[in-house]
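Below, in structure tokens: the form predicted alone, a single chain.
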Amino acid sequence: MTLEAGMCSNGHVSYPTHPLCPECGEPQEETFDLADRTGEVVTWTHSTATPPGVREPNTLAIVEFDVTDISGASDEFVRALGQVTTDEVETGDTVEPVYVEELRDPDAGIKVPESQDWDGYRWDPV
């Protein structure tokens, strides 16, 4: 699994990827993986009323990745929402994506476990 962002020919970057750029409507022609980058926590929260199979409390953060080096534009960032590996996180913390096989317990929900992917990334403070 990748943490894939997309870029159009005008250098606009978005996460997740889209067939067409959300900013200008041009096709997204390039993709790149954010999994090997670090990001900065913009905001976070602790969710105590979680869906079946999701850990409780569930700490979530919006993380901003600097992609200026890829887009060529100055101050180009993308943001992603995800779970945090710990309850100890603060705005401004540097985090890195870490792959996990199960973001939630596949047997706890109403969907058949084989019907979807359960893996993904969490943010781990550096």
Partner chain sequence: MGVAVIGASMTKFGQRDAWIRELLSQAGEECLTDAGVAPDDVEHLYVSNMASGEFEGQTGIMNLLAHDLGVLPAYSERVDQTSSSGGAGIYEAWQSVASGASDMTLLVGGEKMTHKTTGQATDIIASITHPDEYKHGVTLPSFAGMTARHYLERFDAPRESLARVAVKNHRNGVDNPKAQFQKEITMEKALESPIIADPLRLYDFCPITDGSAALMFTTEERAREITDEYALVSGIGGATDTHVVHERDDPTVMGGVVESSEQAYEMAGLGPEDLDVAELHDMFTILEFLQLEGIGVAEQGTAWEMAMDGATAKDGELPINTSGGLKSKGHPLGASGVAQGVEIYEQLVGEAGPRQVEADTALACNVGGFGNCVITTIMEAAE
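Note that the rigid core is defined as the largest set of C-alphas that superpose within 1.5 Å between two forms. Numbering follows the first chain given and starts at 1. All of these numbers come straight from a predicted model, not from anything done at the bench.
Form predicted in complex with its partner chain: not shown, discussed below.
- Residues Trp44, Ala61 and Thr91 are all found to lie within 4.5 Å of its partner chain in the predicted bound form, as judged by heavy atom distances.
- Remark: Asp119 counts among the residues lining its partner chain in the predicted bound form, judged by a heavy atom distance of 4.5 Å or less.
- Its partner chain in the predicted bound form comes within 4.5 Å of a heavy atom belonging to Pro16.
- Its partner chain is not shown here, and in the predicted bound form it never comes within 4.5 Å of any heavy atom of His12.
- Using a 4.5 angstroms threshold between heavy atoms, Ala73 stays clear of its partner chain in the predicted bound form.
- For Lys111, a C-alpha deviation of 2 angstroms or more is recorded between this form and the one not shown after rigid-core alignment.
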